[in-house]
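Quick heads-up: it's one chain on its own, the form predicted alone, in structure tokens.
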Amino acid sequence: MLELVGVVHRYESRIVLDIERFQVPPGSGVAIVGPNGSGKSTLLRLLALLERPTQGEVRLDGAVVTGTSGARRRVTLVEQRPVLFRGTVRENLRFGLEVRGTKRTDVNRVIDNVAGRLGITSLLNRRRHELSDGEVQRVAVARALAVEPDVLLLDEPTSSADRAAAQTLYRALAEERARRPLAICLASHQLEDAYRWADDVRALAEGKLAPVTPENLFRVELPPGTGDAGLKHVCVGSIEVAATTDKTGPAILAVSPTDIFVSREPLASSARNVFSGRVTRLSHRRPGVVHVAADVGVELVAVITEDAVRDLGLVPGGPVVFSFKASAVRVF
């Protein structure tokens, strides 16, 4: 439905996005994750037609978007710090409906319905200055859902929400997708939420789609020079990661969770990276597979089978050792 094709976007001379193709299919739930400054918000603004790419195309239903008026009615962006109109929450929700010609007899029914689903019924008669940041985010999402766009773009929609409010939001989005063919593209730094909610999780780093899963992405400074066989030791949090690279300066290090060996004691192996720590969580994201997160000086995530978790006796708070080869560390 909505896609970027051959897009390079610059702010002055700096390239902030360089993407060959990014698609949001009809009815899909896409999550974009990545470190701060990776280009997530800029990507959403291009998809929302709020900015034109420096080069490349934005397409809607396969056609290049040349104007914006008709297309913008089908695509709605809720930014991380949304702006509400003057007036009450009810008036904010009413505005878009009236602009789009919704029958007056239907306006209040739609408002009450969407407010109930987002848990903001008690806020309908409040004004902006009476709302918390988290409440403003939920009102903005409700305002967007009320006009029933074909594509809903959300930039960190739960960044100011507590856990209960976040769950209410994700439940409302799931109900909306079940009710009609709505496509949602969401930028989030919460990997757990992205995996629980989205059908498709994509990672951005330095304006490019990362060729790895979004866990274990670290912004680093690569030292000059090279060691034996191009080996460098790079500071990541409080640990040093051995990586094979001839690059220097700012970079992103990435380790695929499937390349990490998990044990209770250090293994006899050629792995240059061996870190002991404690399990912080075990996430069952699909049958038979468990994502093991551990604090080893930084948080790392590995993927193993449920049988392996049971055999190793892994539990939150328990000891664990993560090992991976220097060649498993990708640098870009």
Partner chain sequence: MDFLAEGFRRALALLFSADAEVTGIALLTLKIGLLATLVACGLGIPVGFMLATKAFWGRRAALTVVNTALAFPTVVVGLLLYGFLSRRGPLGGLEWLYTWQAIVVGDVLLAFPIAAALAAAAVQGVDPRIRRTAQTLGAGRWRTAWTVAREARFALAAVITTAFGHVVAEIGSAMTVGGNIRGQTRTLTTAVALYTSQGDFGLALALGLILLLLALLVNVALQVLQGRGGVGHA
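Numbering follows the first chain given and starts at 1. Please read all numbers here as calculations on a predicted model, not as lab measurements.
The same protein has a further form, the form predicted together with the partner chain, not shown here; the description that follows concerns it.
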Counting only non-hydrogen atoms, choose the one of 82-90, 106-114, 202-210, 250-258 that falls within 4.5 Å of the partner chain in the predicted complex.
82-90
Is the partner chain close enough to Leu77, Val99 and His129 in the predicted complex that each of the three has a heavy atom within 4.5 Å of it?
yes
The partner chain contact at Arg45 in the predicted complex, heavy atom, 4.5 Å
yes
Looking at the partner-bound form in the predicted complex, is Leu50 within 4.5 Å of the partner chain by any heavy atom?
yes
Exercise: Arg143 in contact with the partner chain in the predicted complex, heavy atom 4.5 Å:
yes
So, Arg72 and the partner chain: in the predicted complex, are they within 4.5 Å at any heavy atom pair?
yes
